[in-house]
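Presented as structure tokens, the chain that follows is alone, the form predicted alone.
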Amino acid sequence: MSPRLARIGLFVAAASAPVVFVLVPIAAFLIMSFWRVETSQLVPDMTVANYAAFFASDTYPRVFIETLQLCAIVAVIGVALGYPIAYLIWRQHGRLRYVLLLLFAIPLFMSYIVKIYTMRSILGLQGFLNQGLVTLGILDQPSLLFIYNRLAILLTMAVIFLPFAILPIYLSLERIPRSLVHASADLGGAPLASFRYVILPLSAPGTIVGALFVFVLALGDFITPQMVGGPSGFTIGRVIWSQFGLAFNWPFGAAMASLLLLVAFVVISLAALIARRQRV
């Protein structure tokens, strides 16, 4: 085989991988969302009954909207915590910068289940948080305020997805030429003014990407609501999981997953548009 044919074959293989492993499953979900279930069997009819049932329900749209609100709050918390951390790392020099970056990136290599159980050990009735508040005299006895409710879901998601906010923000800060910051200082700009008018606008694309990562990851998470949410952990991800599990209504689950995909696509498109305008 000639080198040119080998390169073409390698390119085709690389280009076909996203099609086979991403586009084909998505297309299968979209097609299945128009099917129906009859006597525990999938019937490949083309019908919009699943979408009609979703919007006709009083429960599913409400859960969908509440999940969007929850994920938006998680994204805001992720950026609010991630930006100062990323900025602190960016301001360091030498090896310390990369050591700090590695410390905050280590959770990405840990098991997701382990991280959730760690959060449960912190937020639980006998967890570190409750014990600390009791020791300080803030609480008289351990409380269920931090576990098995939406606050627990919010805190757990915010902590687990925090590295996905830090890394894009740090990379955006890393691309800012130091000469611009020095020029702002030479022109009499105070540190706060330099941050507001130079650093913050130039790091806005990375901040948007970080918020987007956190939002999309939280949107499809069904394990966290199930493990720390309790009866209040009824999110759209958990509803979709139940349709593919006990309910065995794959077409209805595929319809809700398709709507979730549509929302994620719209959010990504809006974020890309905002980031593009920030660059201009």
Partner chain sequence: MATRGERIFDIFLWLLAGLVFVVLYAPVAISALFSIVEVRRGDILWETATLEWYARLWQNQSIMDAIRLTLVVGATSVVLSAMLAVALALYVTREDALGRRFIELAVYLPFLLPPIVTGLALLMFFSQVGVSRGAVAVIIGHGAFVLAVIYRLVVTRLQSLPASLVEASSDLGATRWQTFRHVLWPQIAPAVVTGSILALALSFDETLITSFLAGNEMTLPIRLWAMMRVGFTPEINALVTVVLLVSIALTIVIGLRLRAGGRE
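Positions refer to the first chain, counted from 1. Just so you know, these numbers come straight off a predicted model, no measurement behind them. Rigid core: the largest C-alpha set superposing within 1.5 Å between the two forms.
One more form of this protein exists, namely the form predicted in complex with its partner chain; it is left out here, but the text below deals with it.
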Does Tyr51 reach its partner chain in the predicted bound form, with heavy atoms at most 4.5 Å apart?
-> no
Heavy atom to heavy atom, is Leu70 within 4.5 Å of its partner chain in the predicted bound form?
-> no
Within a 4.5 Å heavy atom cut-off, is Pro163 in contact with its partner chain in the predicted bound form?
-> yes
Is Leu42 close to its partner chain in the predicted bound form, meaning a heavy atom pair under 4.5 Å apart or at it?
-> yes
Would you check whether its partner chain, in the predicted bound form, lies within 4.5 angstroms of a non-hydrogen atom from each of Arg7, Leu23 and Ile85?
-> yes
Answer option from Phe34, Phe64, Trp250, Phe234, heavy atom within 4.5 Å of its partner chain in the predicted bound form | Trp250
At a 4.5 angstroms cut-off on non-hydrogen atoms, which residues of 124-143 are near its partner chain in the predicted bound form? List them in order.
-> Gln126, Phe128, Gln131
Quick one: core overlaid, is Leu262 moving 2 Å or more at the Cα between this form and the one not shown?
-> no
